[in-house]
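Only one chain is included here, represented as structure tokens and corresponding to the form predicted on its own.
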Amino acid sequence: MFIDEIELFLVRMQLKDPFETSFGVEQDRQCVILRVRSEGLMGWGECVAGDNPGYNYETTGTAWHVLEEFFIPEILGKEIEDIAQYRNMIDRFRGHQLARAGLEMALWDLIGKRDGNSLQKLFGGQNLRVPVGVSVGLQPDEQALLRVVGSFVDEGYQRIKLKIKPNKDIKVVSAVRNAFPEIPIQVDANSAYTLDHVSVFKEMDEFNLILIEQPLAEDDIIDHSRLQKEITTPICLDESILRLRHAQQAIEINACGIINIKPGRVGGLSEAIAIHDYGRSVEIPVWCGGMLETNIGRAANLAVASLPGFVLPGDISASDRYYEEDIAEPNFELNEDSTIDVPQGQGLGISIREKSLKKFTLKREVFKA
């Protein structure tokens, strides 16, 4: 594929409801959308960086800069036959996983369209439907929490993830567990705790949770290993896993029993597949996390989550979970069995709503070969 042109869009979309985690409240979401043109075909990608460095150091600003100054010049006007070649071309640059992943997604979309295959077929996915759950942000009080959880249960979601932080943890989990004694629950701390909070997590062992996600610092798998020895609930690592070797190291020292694979966080769909394959080889469950994606990123997540090692429900959710209006179609709907259909069209299997994209675009730039 000869890379003729790459276009960047800085997009801001209003969330239907504020989403609060341990690192703040989001009212809207920014991201960088990429369009790559090659020999009459167009590939679309989504860089899931936000507008502030809460989840990690990358933002839409850093992603735009790195794409414009380093990644795009490396591939523009050149022949790229496969993703391995693309990764080799930018391998000399360090970090910026979210930016890497957004560009790689667009190239995967192009490859799928070039070859006449869906991403699911390219990846070797097997499941036509992917089990999903829903992530519930921190709420102002118990009544609001139970109302929100209840609404998602009524919609058909059969797994609930609760955001927690110090002093909003045991009471939060207890309230939901008492109100919904049978539903699978997991919690996500986004690195808000330290080993001084061991007693909190020991108490959580009583609630029959699927997992506790990223309780401690994102750069400290050793303390996660120490915490895992103290509790029976499996620890799931998210922010700590930026590439395959991090997953291997974490599993080797028993820092986790489950891994959340976010393709953006690990630098792209190809690295996500490699972590999946490793997890399956050592019998470590994996699942696909979400980062408030549009239907572009959601389609990619569904394709990778159709691989057989993704045995736990993902945080992919239906298209109407976060936005009233999306920039791509089709909208992905929740099935009665708490699954979402995997797109079967060529590449990502989506098409862009050009009017919606223009409506939400704050900045646009075109790079021609």
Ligand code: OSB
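Residue indices: 1-based, along the sequence shown. Just so it is clear, the structure is predicted and the values come from calculations on it, not from any experiment.
Here the subject shifts to the form predicted in complex with ligand OSB, a form of this protein not shown in this document.
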Using heavy atoms only and a 4.5 Å cut-off, determine which of Ala192, Leu146, Leu292, Ile210 is in contact with ligand OSB in the model of the complex.
Leu292
Option touching ligand OSB, based on a heavy atom within 4.5 Å in the model of the complex, out of His224, His276, Lys262, Arg100:
Lys262
In the model of the complex, does each of Phe9, Glu104 and Arg353 have a heavy atom within 4.5 Å of ligand OSB?
no
Option from 172-180, 292-300, 245-253, 86-94 whose residues, in the model of the complex, bring a heavy atom within 4.5 Å of ligand OSB
292-300
So in the model of the complex, does any heavy atom of Glu218 sit within 4.5 Å of ligand OSB?
no
4.5 Å heavy atom contact, Asp326 to ligand OSB in the model of the complex
no
Do Ser135 and ligand OSB share at least one heavy atom pair within 4.5 Å in the model of the complex?
yes
Check whether Phe310 has any heavy atom within 4.5 Å of a heavy atom of ligand OSB in the model of the complex, and answer yes or no.
no
Members of 220-238 lying within 4.5 angstroms of ligand OSB, judged by heavy atom, in the model of the complex:
Asp238
